[in-house]
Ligand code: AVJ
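First comes one chain, alone, set out as structure tokens in the form predicted on its own.
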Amino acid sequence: MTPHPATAPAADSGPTPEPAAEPAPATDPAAAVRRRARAALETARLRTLALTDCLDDDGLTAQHSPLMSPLVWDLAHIGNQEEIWLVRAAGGRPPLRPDLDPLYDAFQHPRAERPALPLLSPDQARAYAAEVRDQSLNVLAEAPLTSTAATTATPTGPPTDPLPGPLLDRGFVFGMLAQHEQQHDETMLATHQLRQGPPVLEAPAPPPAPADAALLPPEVLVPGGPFEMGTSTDPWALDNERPAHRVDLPAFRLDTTPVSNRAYLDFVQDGGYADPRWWSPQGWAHRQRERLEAPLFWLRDGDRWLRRRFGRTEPLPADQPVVHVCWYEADAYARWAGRRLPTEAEWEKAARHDPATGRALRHPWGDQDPDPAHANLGQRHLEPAPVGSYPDGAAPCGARQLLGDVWEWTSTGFTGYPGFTAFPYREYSEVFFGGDYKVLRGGSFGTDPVACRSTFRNWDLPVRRQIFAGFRTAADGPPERS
């Protein structure tokens, strides 16, 4: 193993830059898929190592919050899922460590119980993940990525067929595992935020807001009418994003930017946490039970407010989006402001519908991949950018920062789209359906671009605050002309 650095690398170009690669010939689509898949896997692994190599063994094996796993569990779980789905299921190779399957099954062991399990040590977990990755890259070099053969994937576990065609179609399984690792990387980043102790992560501050930020209108109008929600064509879209379907919405108004710390502080100082008028019955009960008085990590210091961020205590930045609020807090603020949270469909229409062409865009700015001018993604910074940033990433409706900075709570409960089919296993999405989990959209500063697009759906319980979640509000639009 290479020496472990004391801190994560500076993130001015991202802690996990994509490796350079020679362009594939235009006539060889499989080579292009292999290049993209390898870059995504390597980008994720560089970030995983940066988030784990910055701590000693005690820091990796400790449970920093009962809400989260020890970081060493995430590290080995990433390798185990890659072995199950990429090496065995897609590659048809013999198991490396089948004894680890039950140990790193997230459904068998709640997070609070994982420290008591006989987990791999940090060095063992690193070695295991590296061994799996070597096998995965061999599969990538040899797999028939354009295959569309039938699969015998079971609804509750890995496929019984060692070469399931849909897993390999256009490199889906490689994209699925890269996204899975990046999702755990964001979870590990949240664990770092919960961890007590001196800072170990470094990154430059985001750029200041552009000159026009103060001149933006407070809200944009999204015209009524149909749009295409979800996708049936994105090769790495996950099952809950599928299939594409038509949704017809009335006109609505949406905040141009996420709600800022300054705006949320007005709610706090107006007694919003002490007034049950603004809270749902369940939200008020939760606020009382948990004694909520402000967003997580906010600290009052006399007449001013501070925040704790990755081991640092600093003045609360008024112009950044509020973060670390649960769904109940977001809902209460919206009621106090005389507004509401947007539905998931409203959020997606605002983010990707181009009324000039009628097209559904992959990202608010178009179909091209994100770059640093579009959005605050990929852990380039360790905090949100000021509201009004990234004009190049604005949606056709004029809203900004719909991707990156903070996940945005919606009013919608998580369920499948019409025609939903679980793939490749029910536990990814379907077991969470039913409405208890609320949908979040858009990604945060800790979300990698491979796991962020206008159709991507996140979900969590309405009490969760450790995630990098904020929100924007909505209101009904003007009535349609007769």
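Residue numbers here begin at 1 and follow the sequence given. Just so you know, these numbers come straight off a predicted model, no measurement behind them.
The form predicted together with the named molecule exists for this protein as well; it is not shown, and the discussion that follows is about that form.
- Contact with the named molecule in the predicted bound form, defined as a heavy atom within 4.5 Å, holds for exactly one of Q282, Q288, T343, Q183, namely Q183.
- Of the residues given (H77, R253, R380, R335), H77 alone sits with a heavy atom within 4.5 Å of the named molecule in the predicted bound form.
- Mapping the unseen interface onto this chain, N458 counts among the residues with a heavy atom inside 4.5 Å of the named molecule in the predicted bound form.
- At the 4.5 Å threshold, heavy atoms of Q320 stay clear of the named molecule in the predicted bound form, well away from it.
- Mapping the unseen interface onto this chain, T187 counts among the residues with a heavy atom inside 4.5 Å of the named molecule in the predicted bound form.
- When the named molecule is considered in the predicted bound form, F433 lies well away from it, no heavy atom lying within 4.5 Å.
- Of the candidate stretches 381-389, 354-362, 175-183, 308-316, only 175-183 has residues whose heavy atoms lie within 4.5 Å of the named molecule in the predicted bound form.
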